[in-house]
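Next comes just one chain, in structure tokens: the form predicted alone.
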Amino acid sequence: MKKLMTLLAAVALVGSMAHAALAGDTLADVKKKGVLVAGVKDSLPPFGYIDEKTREIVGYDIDFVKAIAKKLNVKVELKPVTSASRMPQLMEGNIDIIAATMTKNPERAKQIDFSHTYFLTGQKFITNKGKVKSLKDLEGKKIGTAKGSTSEQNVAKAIPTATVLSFDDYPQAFLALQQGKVAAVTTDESILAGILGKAPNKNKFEIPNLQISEEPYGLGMRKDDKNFVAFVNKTLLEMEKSGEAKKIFDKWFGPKTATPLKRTFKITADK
């Protein structure tokens, strides 16, 4: 029995060591294979969407991933993910990093690690113009959002009487609004601005000044992947210091873009 217990303990130790090695090997593995595989959105301008001319995925998130890959001296492979699939894809090893408008929160942080905040926004709504002036106007109404997003949870808490309809992505939720199937679409203001900026009938809709949460975005990495997390964080801080981070923001959210927003944050080390 003693030998059996010793053997089981040894197996458990080897297993934990293997897990720890796996968790901390992404940086070395990416350098070895010469490719950084990133999970990104492909239908959510301006963070990640397919450019009509080049047929390539472009956007704010993609520019950050490319900057990290350049620092690593490797190529980038972009894999489309949804809000619901991005964490499973990471934990199953199908992607190396999540760059997909992902809000950092304690629940998610139990399963994966996050980078420093590289974008900050707040959750609001797209509604028919002139229809919604306060949250009371949405009580008892149907509100669209995306599956697996923090937006689902936030709106359910903010408006308990509303019926939350969850779609595969935000463009589908916005289509439901256009078709009169929901009274509003809710997610982060930056995403809503991107959706509205591309809409052909955008003058029929608006984003009322009703914010129900603050949403800090982080790049997602596997739990306890310390070397990779440290490298990504160092790169983000260098990008802020050099002005590259602001340059990317201005490229996608500057005054001459379809989604003009004021940059109210700087990338800093998390406390």
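A quick note: this is a predicted structure, and the numbers were derived from the prediction, not measured. Start at 1 with the first residue shown and count on from there.
Another form exists, predicted together with ligand GLU; not displayed. Remarks below refer to it.
The stretch among 128-136, 72-80, 172-180, 95-103 whose residues place heavy atoms within 4.5 Å of ligand GLU in the predicted complex is 95-103.
For Arg86, a non-hydrogen atom is located within 4.5 Å of ligand GLU in the predicted complex, even though that partner is not displayed. Mapping the unseen interface onto this chain, Thr187 counts among the residues with a heavy atom inside 4.5 Å of ligand GLU in the predicted complex.
Not displayed here, ligand GLU is approached by Ile191 to within 4.5 Å at the level of heavy atoms in the predicted complex.
Ligand GLU in the predicted complex is approached by Ser151, whose closest heavy atom lies within 4.5 angstroms of it.
Contact with ligand GLU in the predicted complex, judged by any heavy atom within 4.5 Å, is made by just one of Phe231, Phe205, Tyr217, Tyr60: Tyr217.
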